[in-house]
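Two separate entries follow, structure 1 and structure 2, each one form of the same protein chain as structure tokens.
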Structure 1
Amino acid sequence: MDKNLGEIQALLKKYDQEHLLNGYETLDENKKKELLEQIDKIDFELIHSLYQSTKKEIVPSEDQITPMEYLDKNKLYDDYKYYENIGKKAIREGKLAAVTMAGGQGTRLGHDGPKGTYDIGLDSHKSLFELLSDSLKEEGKKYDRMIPWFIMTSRENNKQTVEFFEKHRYFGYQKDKNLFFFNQGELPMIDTEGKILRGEDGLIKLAADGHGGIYEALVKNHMVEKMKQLGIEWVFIGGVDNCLVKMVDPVLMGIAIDKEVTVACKSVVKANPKEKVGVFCKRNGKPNVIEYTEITDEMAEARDEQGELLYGESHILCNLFNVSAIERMGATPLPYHKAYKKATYIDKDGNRIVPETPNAYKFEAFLFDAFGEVDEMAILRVKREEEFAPVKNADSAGVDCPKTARKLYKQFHHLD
């Protein structure tokens, strides 16, 4: 930390955030040091602008939205082998790595720990992390390669995650050789008056900056540098909660290489026109994902001459990037989107506030907001039952839950 207590006090006064030092004298020396370091790292101008954005009304977009072309993996026919061979060659040459975004906790699943340590209820009782590692290793054997694996954790779960891997002998990987951990970025939460919140531990209440923070996190934590040292040119980025994620896909890689694009993404067709998912599109001529809240009923129902939905390709967080694209995207901050959440915190008078309704803002960047940085990208439609079995909700929700994921996993691997 570069600033002393006096400088920190002056900084907080300038931005009307003096409450952050209330009770400072009651903290132990380590907490005092950590709090001052946290405050020193805050971009107060950014926080102020984000607060101002919460008061602005959402203006209907005037962007021109048009459908986006895609390839159907199951209808490539003769081209399938062509793309597959291109991808296989690149993988065999060690040009592919996998990144798993695993910064979340399993709270919504009733699980006390990182989501990746969750057991979805298979007879093997394997965690999501182990299911993903099994898939990576199995694919790697086909190419006589141990596919390098980069795992993005959070401040909240990094220690538990690393200890979990250590306990399981890193599932056959070697830490800092072909297995790397790095932390996701965070931003302070604020109340409805723009005041930065303090947690019950006396420190700044931070929240993860969303999956859009992946690019900056890879660059800032020197993971891109590590990838270059390993000779990696392509990186698959996916979430930890999809137990059927296919991180090593020579067809997807082959398409990206053949079409000379730096981003290639997988999609699944919407279950129905009104499914609440983001879908691929062109926004003002550039690749993008449009949120379901932006899609009109007319757009949702529109179909092409073959009867396919014009806006039917769901973004499933299965994306392949050239390292150069990650580097470029990580150099430019993405816009932040506000989320109104419930947050327990300590107010300026030292009272513990436990809300029954949302009372605070967190800010997240979306990974797909960076797609506009490229002129073209490739979309590959895959079968939902073969590659998309997310575990997001408790079984009571009935969708994207352990029960549905378990069923899809067993069917795909013929375990029934």
Structure 2
Amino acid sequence: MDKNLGEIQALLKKYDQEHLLNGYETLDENKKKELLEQIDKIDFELIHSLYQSTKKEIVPSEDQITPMEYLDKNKLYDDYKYYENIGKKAIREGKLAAVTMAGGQGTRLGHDGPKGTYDIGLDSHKSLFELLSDSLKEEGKKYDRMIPWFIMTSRENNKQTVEFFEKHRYFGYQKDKNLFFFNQGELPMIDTEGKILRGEDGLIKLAADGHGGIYEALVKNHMVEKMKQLGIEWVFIGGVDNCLVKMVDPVLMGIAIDKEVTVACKSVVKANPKEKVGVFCKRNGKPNVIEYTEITDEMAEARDEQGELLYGESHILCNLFNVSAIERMGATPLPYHKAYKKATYIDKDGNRIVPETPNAYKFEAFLFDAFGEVDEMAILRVKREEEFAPVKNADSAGVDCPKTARKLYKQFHHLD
């Protein structure tokens, strides 16, 4: 650490965050050191501007939104084999790796532990991590390979995640040989007055910086370097909470290689025009995802000559990137979006406050905000029932929950 206590105090005074040292003297030496290091690392200018952004009204965007072209995996006809062969060759040559983003808090599901450790209630009682590893190993066998697997965790869940894997003997993978764990970035949480919160441990209350943190995390943690050493050129990045995620897809890869694009994404068609999902589009001529909150009813209902929705391709966090695109995206800061959440914290008098309603802002980057870094990308529409069974909510919600995911998983694998 570069700064001493006096310098840290001056820094906090400048940004009106002096409460962060309340009770400092009661902390043990390690905690004291850790707290000062944390404070030293905070980008106070960024936090200040993020706080200001929470007070701004959202002005309607003047961006020019146009539809994005896509291919339908089930209507490729003769091209299917063509793309598949190109992809198969690249996978056989060891050019593919999988990345699972498992750094989220999984607040909606409400499981006590990392979401990947969740048992969706199959007879096998396999966790999401095991279902994903089964699929990777199964696919890898077709190419006589263990597809290298990279897992993004957050500081909050890293230890539990790694221990879970250890307990399950890494599901047949070898840590640091073909299985790698790395942490994503974090940002301090703030209250509605812009004050940075302190957690129950006396340290700064930090929260993972969103799935958009993936690019920077891959670069900063030298995972991209590792990928290059292993001869990897293509990386499938998906979430931990889709138990039907198909991480090894030669058709998707073949399309990316053949069309010379550095990003290729999968989509599923919207269940209905009103479905609350983000859809692929072009924003000011560049690839992007438009949120359901941003889209007008007219746009949501618009159809092409074949009767297909013009804005109907949902983004499902199933994206393939060339390593060069990840490097580029990792070097470009993404905007942060605010989320208003419940956060337990220690107030300035040292009291533990457990809120019953949201009380704090957390800031997250979204993975798709980086799509504009590339001029062109390919979209491949796949069948929802074959590749998308998300576990987002508790069963009481009735949608995208363990019950619905279990049903889809069983149907796909003919388990009933």
Ligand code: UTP
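What you are looking at is a predicted structure, and each value in this text was computed from that prediction instead of being measured. Residue numbering: sequential along structure 1, first residue numbered 1. In this text, rigid core is short for the largest set of C-alphas that superpose within 1.5 Å between two forms.
Visitor: Only one of these is the form predicted on its own, so let me know which.
Guide: It is structure 1; that copy is the form predicted on its own.
Visitor: When you overlay the rigid core, is the Cα of residue 352 off by 2 Å or more between structure 1 and structure 2?
Guide: Where the cores coincide, residue 352 still shows a C-alpha shift between structure 1 and structure 2 that is 2 Å or more.
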